[in-house]
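Listed next as structure tokens is one chain, alone, in the form predicted alone.
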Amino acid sequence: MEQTVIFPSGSVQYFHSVQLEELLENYKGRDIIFLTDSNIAALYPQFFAGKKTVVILPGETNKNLNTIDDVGRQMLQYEATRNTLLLGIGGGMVTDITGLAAATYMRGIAAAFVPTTLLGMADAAIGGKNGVNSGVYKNMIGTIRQPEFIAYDIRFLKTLPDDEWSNGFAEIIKYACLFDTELFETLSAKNINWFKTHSDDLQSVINTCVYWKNKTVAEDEHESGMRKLLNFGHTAAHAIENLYGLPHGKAVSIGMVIAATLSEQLTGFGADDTLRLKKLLMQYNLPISYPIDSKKAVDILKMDKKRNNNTISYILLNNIGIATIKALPFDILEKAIETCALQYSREQ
């Protein structure tokens, strides 16, 4: 299925349930450079054989400007021009690097993404944000620029490790909490093993997330208002992720619990709904607490892009499926992070 989504800055083609080899037949004659990481290159050597391919090292520690510079140097060796398409095949780190490298090479060439992780398919590849880290500060350097197309070939998920399935479902649960009680109930009734063996149901859940993210981004592409909702669970998560090296989805899971705890205090969000959220996260093998140094976490958050003097824009829940944006003082946030750390201690 093909779909075109219109954003203020331009349109993006979505190819759902495709086989990548067949899709690329439509791009014969186009100068394409493939960008992937060493994990994907090792898993699919036959696909990349004979193709112009830039291979980068995987992992958040390599999501930085040094990698962007390395990609640019390799593209020069391939004699890439302004007509070249840079096609990223990989997880969220690969699509971030692809988008930013394309945006900066010769002041901008076309990019396209083929996400190979559940997290990438449901969230990271969508929306046009392309960023790299600066030390412990996540996605501090980047652009908002839409790709030419995004293609979904769920065959790539056959080689996805179990932990990466959990990471992806953290983002899917995020969309359920923000917008979609029906999705929340669907997830509650199933589990990872179900979705691994029922590809139609999995594709439907992915498509639901694509719909909600595109709807939000189309209304607010540059995050001046409603797009901020998509940061639910992410604000604290970015500090946790970089302080402790946790995978993104696990950090987001903990961040959502912190946000739910704050919501109980500030919006009247029900304690029973916090328990429902915790149960769902555990059902998908995600953590709900961690021994976080709250002061160190808040020190990082004070450099967050969403800070405004002594407060930070924070996404809370009124109910499952209904979110709100609040200006949150840092001392209140620090106490909520402390509560999460204390919960971890009690569980050990």
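The structure displayed is predicted, hence computed values, not measured ones. The numbering used is simple: start at 1 and walk along the sequence shown.
Unshown form predicted together with adenosine-5'-diphosphate (ADP); subsequent notes refer to it.
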Per contact check vs adenosine-5'-diphosphate (ADP) in the predicted bound form (non-hydrogen atom within 4.5 angstroms), the hit among 88-96, 197-205, 255-263, 135-143 is 88-96
task: Verify the contact flag for S294: yes if a non-hydrogen atom of it lies within 4.5 Å of a non-hydrogen atom of adenosine-5'-diphosphate (ADP) in the predicted bound form, no if not.
output: no
Just checking whether A110 would be counted as a contact of adenosine-5'-diphosphate (ADP) in the predicted bound form - the rule being heavy atoms within 4.5 angstroms. no
With the cut-off set at 4.5 Å between non-hydrogen atoms, does T159 touch adenosine-5'-diphosphate (ADP) in the predicted bound form? yes
**Message:** So, E164 and adenosine-5'-diphosphate (ADP): in the predicted bound form, are they within 4.5 Å at any heavy atom pair?
**Reply:** yes
Assert contact residue (adenosine-5'-diphosphate (ADP), in the predicted bound form, non-hydrogen atom within 4.5 Å, options N62, T311, N39, N285) equals N39
Picking from V55, I32, I300, L43, the single residue whose non-hydrogen atoms come within 4.5 angstroms of adenosine-5'-diphosphate (ADP) in the predicted bound form is L43
Those residues of 113-145 with a non-hydrogen atom no more than 4.5 Å from adenosine-5'-diphosphate (ADP) in the predicted bound form are T116, T117, L119, G120
